[in-house]
Structures are given as C-alpha cells and as structure tokens.
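Given as structure tokens, the chain that follows is alone and in the form predicted on its own.
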C-alpha cells in the first residue's frame, strides 16, 4: 500500500527515536556506575533522566498521528540493542566518548532525515536530539582525563573510531529494513548522489566532534 503523506515513514522515524531515547535512559543509568565519584555518577544520572522526557514527547507525537508507541518502536529494538551490545563501555572515558561521539553521529543522521518531514515533527525531533548539556559534560570530562593521562587520547580515539563504524552500520540497517523510511530518504535527498552528500555532511560533523573533544580521527 502506498503512503502518499509519508505517515509510515514519520512513524518509523519517531519509533526509532523513541526507542533510542528509552535505551539511552537505561544505558546512561547503568553506565553511571562507572563514574569515578558520586558527583559524576549523579551528573550522568541527571542527563539520563532527560532522555525519558524526550521519549514521552516522541511517544505522544506517535499517538497524535494515530500510532501506538510500542508498535512503532518494535521494529528497531534489534538494531538499537545490537549497537549498544557491541559498544558497551568498560571505562569511564569510554562512557563519555560514547555519550558525545556515538550518540552524536546517530543524532546527526536523524536530524538529516527530519528535514524531509512535516514541521511539527521536525521541531520535535530536533528538540529530542538536543544534546548541549550532555555534550558540555562529556567534553569537559574527557579533556580532564586526557590532561591527567597522556595515553588516554590514543585509546579513546580508537574507541571513537569503533563507535563511528557501529553507528553507521546501525543507521544503514534501520534505513534498509524499513521501506517507507528508505523511500523518504531517497525522495528527500533526490538520488544516490544526494544520499552520498548526506553521508558526507554527517562524516564532516563527526570529524569536528572528535576534534572538539580532543581526539584524533
């Protein structure tokens, strides 16, 4: 069945984002236990709490469009869970880089896709992906780690590159497995050349993000 208004694609976009926010809450709350002190643990837990607010707003938009949040999220559970399983951090530094670099790259992808949907949904997506608080926290903490340990930058740069590969793989899997979402991206970018340009913009922003946090690409 055709979807001339793009409703299926919008529900897919909102569904993957809603599950991403729900997973981010779970992950950050668990990762906070790797913090070296109680203050940092509390800070990350507070950032995690913001993800639930984002999830609630996305779920409400799904309902407004006549969808069911659980049904909308279901197709993306495997891809998102696989990404987090493959990129489970083992140190506080890895937690911080994943929060800034890994999540940031995925957010860039979905912001690009949001350019092709209706304005209310686009505004909501951008609000849900706003990461200024978590970014500032991660940048400050990683730079402190690097200043204390000269070898940390090299280790975390490798981790950042691994996160990029996994994030790109996840995004491609999500798009490839959902026809409506893939059609939205192709239609929005115009053709495969447009898709390549989209990927190029995401890659450029990733490189700037790595530099900003003090790591090499």
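Positions refer to the first chain, counted from 1. Model, not experiment: these values are computed from the prediction.
Below, we turn to the form predicted in complex with another copy of the chain, even though it does not appear here.
* To do: Just one of 177-185, 27-35, 164-172, 149-157 has residues with a heavy atom within 4.5 Å of another copy of the chain in the predicted bound form, so point it out.
  => That would be 27-35.
* Taking heavy atoms only, is residue 115 within 4.5 angstroms of another copy of the chain in the predicted bound form? -> Although another copy of the chain is absent here, residue 115 would stay clear of it in the predicted bound form, with no heavy atoms inside 4.5 Å.
* Proximity of residue 42 to another copy of the chain in the predicted bound form, heavy atoms at 4.5 Å -> It does: once another copy of the chain is placed as it appears in the predicted bound form, residue 42 has a heavy atom within 4.5 Å of it.
* To do: With heavy atoms only and a cut-off of 4.5 Å, decide whether residue 65 touches another copy of the chain in the predicted bound form.
  => Outside the cut-off, so no.
* Asked: Within a 4.5 Å heavy atom cut-off, is residue 202 in contact with another copy of the chain in the predicted bound form?
  -> Outside the cut-off, so no.
* Any residue of 42-66 that, in the predicted bound form, places a heavy atom within 4.5 Å of another copy of the chain -> Result: 42, 45, 46, 48, 49, 52, 55, 56.
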